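Given next, in structure tokens, is a single chain: the form predicted alone.
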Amino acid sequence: MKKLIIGNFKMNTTPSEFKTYAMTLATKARGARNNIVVCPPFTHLSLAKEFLSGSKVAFGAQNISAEESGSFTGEISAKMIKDLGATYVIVGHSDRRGLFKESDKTINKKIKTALANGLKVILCVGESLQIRESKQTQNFVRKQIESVVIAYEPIWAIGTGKTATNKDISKMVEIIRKEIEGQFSAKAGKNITIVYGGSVGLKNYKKIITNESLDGVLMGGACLDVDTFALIARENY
């Protein structure tokens, strides 16, 4: 079964390091059946275009501005990302929500801006440990949903080496699909792409990705090792 394998570099690698990575991954990804996406820092996107175009690997940005253009020093617009050849953008990552205090309202605006510019959105949703322990997970995640590709990313699992159980993942995926069905249609709920992110690595990816309710995984630190990322991306699920 074809899966969506996403690598989020966060603020890691220099442009020269990514150049080597991209060249290696483009070679190792030949013949892969899965859909592969890497999201490096903004400074690397021109290199991604140069060395990944024509390969099995698509690329995207880790964030965009909610605004189309204007006096927003340091921001990157969806149009800029699209012009560089990117096809995806991550929106609402836990880093953006937690460290930069992005609200659901801001994230919703970013989604609309991205879609209006022809980008595919990877929307991250997920609860903190505090929300989880207060038994508010389902209601919390319901409020965060509205996009094309949804990454269920429990914040309490990120960087801890812990992951949600397949039972928990399947339950949340069902909730997300039902919410999409209620907001849009049964077809939308069935066809929405849902991936899991939260300490996905070499030791646990098979257990997670073979969960039939999931369409793929969103990897963080583990994707920085090109051999590991290529291995996971090439597997036949």
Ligand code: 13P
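All figures in this text were calculated on a predicted structure; none of them were measured in a lab. Numbers follow the displayed sequence, beginning with 1.
Beyond what is shown, the protein has a form predicted together with the named molecule; the following relates to that form.
Engineer: With the partner left out here, if you bring back the named molecule in the predicted complex, are N8, H93 and A157 all within 4.5 Å of it by some heavy atom?
Structural biologist: Every residue of the candidate spot has a heavy atom within 4.5 Å of the named molecule in the predicted complex.
Engineer: Tell me, which of I64, V195, V38, V200 has a heavy atom within 4.5 angstroms of the named molecule in the predicted complex?
Structural biologist: Contact check passes for V200.
Engineer: Is G221 close enough to touch the named molecule in the predicted complex, meaning at least one heavy atom pair within 4.5 Å?
Structural biologist: Yes, G221 lies within 4.5 Å of the named molecule in the predicted complex.
Engineer: Determine which one of 101-109, 81-89, 149-157, 68-76 lies within 4.5 Å of the named molecule in the predicted complex, judging by heavy atom distances; exactly one does.
Structural biologist: Going through the listed ranges, the match is 149-157.
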